[in-house]
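The chain below stands alone and is given in structure tokens; this is the form predicted on its own.
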Amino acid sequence: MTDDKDVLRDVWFGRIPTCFTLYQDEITEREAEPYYLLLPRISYLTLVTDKVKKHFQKVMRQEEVSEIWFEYEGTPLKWHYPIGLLFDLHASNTALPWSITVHFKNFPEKDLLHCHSKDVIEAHFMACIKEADALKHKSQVINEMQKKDHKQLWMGLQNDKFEQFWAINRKLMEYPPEDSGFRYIPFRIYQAATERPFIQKLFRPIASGGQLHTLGDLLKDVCPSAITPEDGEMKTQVMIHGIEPMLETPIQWLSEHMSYPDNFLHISIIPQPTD
């Protein structure tokens, strides 16, 4: 992979200032103060909110506490989506800090998966990495790794250790020089305005004529409405990690440098902010 380590670092260390408040109908023994946290964009809500849970449990009766879940403006937040994706999709045009509501009752079974332990997060994370490598290298790289390498990927994410994670993840971002790129690009496209969870299909980084496919090519093929003006105006924004990449950017470069730790490009299509 091309060595733009500063980009990898900027992606890894992206943070979202967040204010957690307890849902007003939760029964407490005394007033629950809000809890402020810098959330890592690349991680998962249930992986980095132990302190939030402890903070609010202190003011609650134990019998009132069941599984914790989070919500933003009435939308339950899916813990198995990376935090940065959740913010881009639901809150990118709002003022900071991001205001998240904490619940301990009435778990929304239809909207969220249960997450009873960190093992569940690890299993989801590793399943995504394996799926991504199946697309990129027919699973050859991940299958050649030892169990301890898989563990190092997970521990690097869990403990927020950039060097530890990338020492292994680097191998997942390589390809034979004669190939010019991955077999297929692991990506998912999410649209704020639809019920469909995401769009995912096979897409090669290199065109049959040998030229590099761009982000614009991907969107034109998979989600043309995202880059089609209406009445002469663009009605949507295309967001990855909180920025709008140029549509001319090669998709191979984006896959190597702006994928989340699960090795997927998570692309949000959101309405343009209205002034």
Partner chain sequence: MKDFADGYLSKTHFQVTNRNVPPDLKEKNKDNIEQMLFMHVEESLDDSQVDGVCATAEVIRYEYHVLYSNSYQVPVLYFRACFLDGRPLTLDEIWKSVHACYQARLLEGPWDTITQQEHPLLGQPFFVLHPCRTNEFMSSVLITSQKENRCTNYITSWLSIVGPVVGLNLSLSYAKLASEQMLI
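Owing to the predicted nature of the structure, the values given are computational and were not obtained by experimental measurement. Positions refer to the first chain, counted from 1.
One more form of this protein, predicted in complex with the partner chain, exists but is not displayed; see below.
- Contact with the partner chain in the predicted bound form, defined as any heavy atom within 4.5 Å, is confined among 156 to 164, 174 to 182, 92 to 100, 73 to 81 to 73 to 81.
- Annotated contacts: H114, D119 and L135 all touch the partner chain in the predicted bound form [non-hydrogen atom within 4.5 angstroms].
- For the candidate set Q200, N106, Q146, Q140, a heavy atom within 4.5 Å of the partner chain in the predicted bound form is found for exactly one residue, namely Q200.
- Mapping the unseen interface onto this chain, R196 counts among the residues with a heavy atom inside 4.5 Å of the partner chain in the predicted bound form.
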